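Given next, in structure tokens, is a single chain: the form predicted on its own.
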Amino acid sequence: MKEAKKKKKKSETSIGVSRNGSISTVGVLSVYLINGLFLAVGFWVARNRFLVDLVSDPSLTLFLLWSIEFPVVVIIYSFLRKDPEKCSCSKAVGRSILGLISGAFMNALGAIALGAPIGAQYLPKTIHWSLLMSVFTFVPATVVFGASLTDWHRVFASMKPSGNIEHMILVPAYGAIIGGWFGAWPMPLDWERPWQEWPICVCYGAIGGYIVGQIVSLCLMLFLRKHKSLKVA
């Protein structure tokens, strides 16, 4: 009995994540609630401490959002990283910084290619929006997978996630991208509203898509778990 308990402890990380890349749905829900809470904290700090929001000062608000959310995402997903014996927490943090920068660069290029405005007055907004998008899309995958091209291709290109952790990475990331794309639709309309300026509505769309992606991934995990239990029965 004692030997079985020891084996079970060895096969799990400190937060109960097994070696095959699974985490309980309660754990997934906890991760999503923590992420959402610190996003709300970012908006609260912007509104109550700096007296700004996305409309009045997009650059500062976006900076507060990604700088508060980033360390939380890194800490959470560092516990979910693959091969924790080979990859220390400090190494996971280091590659998360590289993921943040490279992800921001890719998001900025994608936004500009799709019509984001270019100019000195838009540069700070684009940088901070890209960094927030990188926190949503690149950082979790970088912390968990590192530079494993096989995992990146399988999860993001082939869209064949294996286990709850990979669903946690894939679905909210695509949700943020799709939400940002839909959020850009009102920008060219002749409504003359202040929230139509870049990147305000895109940011709201990305955050909304990110949250919807989390809900969808949680529902998908519950469905797959139920389907698997029925199959076993």
Partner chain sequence: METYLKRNNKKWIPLAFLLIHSVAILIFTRGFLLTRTELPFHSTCSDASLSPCLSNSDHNHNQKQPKCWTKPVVDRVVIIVLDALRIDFLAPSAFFPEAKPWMDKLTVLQNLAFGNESSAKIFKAFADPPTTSLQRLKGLTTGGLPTFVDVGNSFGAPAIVEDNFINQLVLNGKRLVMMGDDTWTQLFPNQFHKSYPFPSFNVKDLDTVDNGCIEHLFPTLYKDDWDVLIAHFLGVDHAGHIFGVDSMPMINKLEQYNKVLEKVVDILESQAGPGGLHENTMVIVMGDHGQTLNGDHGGGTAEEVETTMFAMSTKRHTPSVPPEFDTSSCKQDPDGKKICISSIEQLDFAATLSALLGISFPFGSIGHVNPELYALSSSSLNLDNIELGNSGTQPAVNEWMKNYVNVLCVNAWQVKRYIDVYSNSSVVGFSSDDMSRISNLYSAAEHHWSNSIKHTLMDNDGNEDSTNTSALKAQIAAYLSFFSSVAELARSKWTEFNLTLMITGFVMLVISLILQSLAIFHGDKPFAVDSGLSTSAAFSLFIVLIRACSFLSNSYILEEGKVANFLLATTGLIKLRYSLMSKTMRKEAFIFLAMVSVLRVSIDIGLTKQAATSQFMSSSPTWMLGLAPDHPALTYASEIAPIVSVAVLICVLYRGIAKTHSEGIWKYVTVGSMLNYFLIALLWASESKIFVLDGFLQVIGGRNIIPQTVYAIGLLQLFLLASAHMFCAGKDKNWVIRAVALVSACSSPVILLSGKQGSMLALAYLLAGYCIMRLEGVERSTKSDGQNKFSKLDPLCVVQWSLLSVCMFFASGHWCAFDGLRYGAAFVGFDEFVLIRQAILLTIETFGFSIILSVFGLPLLIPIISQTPQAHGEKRHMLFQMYMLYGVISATTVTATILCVTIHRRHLMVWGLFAPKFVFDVVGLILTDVLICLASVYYL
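Treat the numbers as computed from the prediction; the structure is a model and nothing was measured. Numbering follows the first chain given and starts at 1.
The same protein has a further form, the form predicted together with the partner chain, not shown here; the description that follows concerns it.
At a distance threshold of 4.5 angstroms between non-hydrogen atoms, residue 186 is in contact with the partner chain in the model of the complex. Looking at residue 91, you'd find every heavy atom of it more than 4.5 angstroms from the partner chain in the model of the complex. Contact check for residue 97: every heavy atom lies farther than 4.5 Å from the partner chain in the model of the complex.
Proximity of residue 43 to the partner chain in the model of the complex falls outside the 4.5 Å heavy atom cutoff.
Only one of 69-77, 97-105, 126-134, 151-159 places residue heavy atoms within 4.5 angstroms of the partner chain in the model of the complex, namely 151-159.
The listed set 38, 63, 174, 32 contains one residue whose heavy atoms approach the partner chain in the model of the complex to within 4.5 Å, identified as 174. Of all the residues from 93-115, those having a non-hydrogen atom no more than 4.5 Å from the partner chain in the model of the complex are 112, 113, 114, 115.
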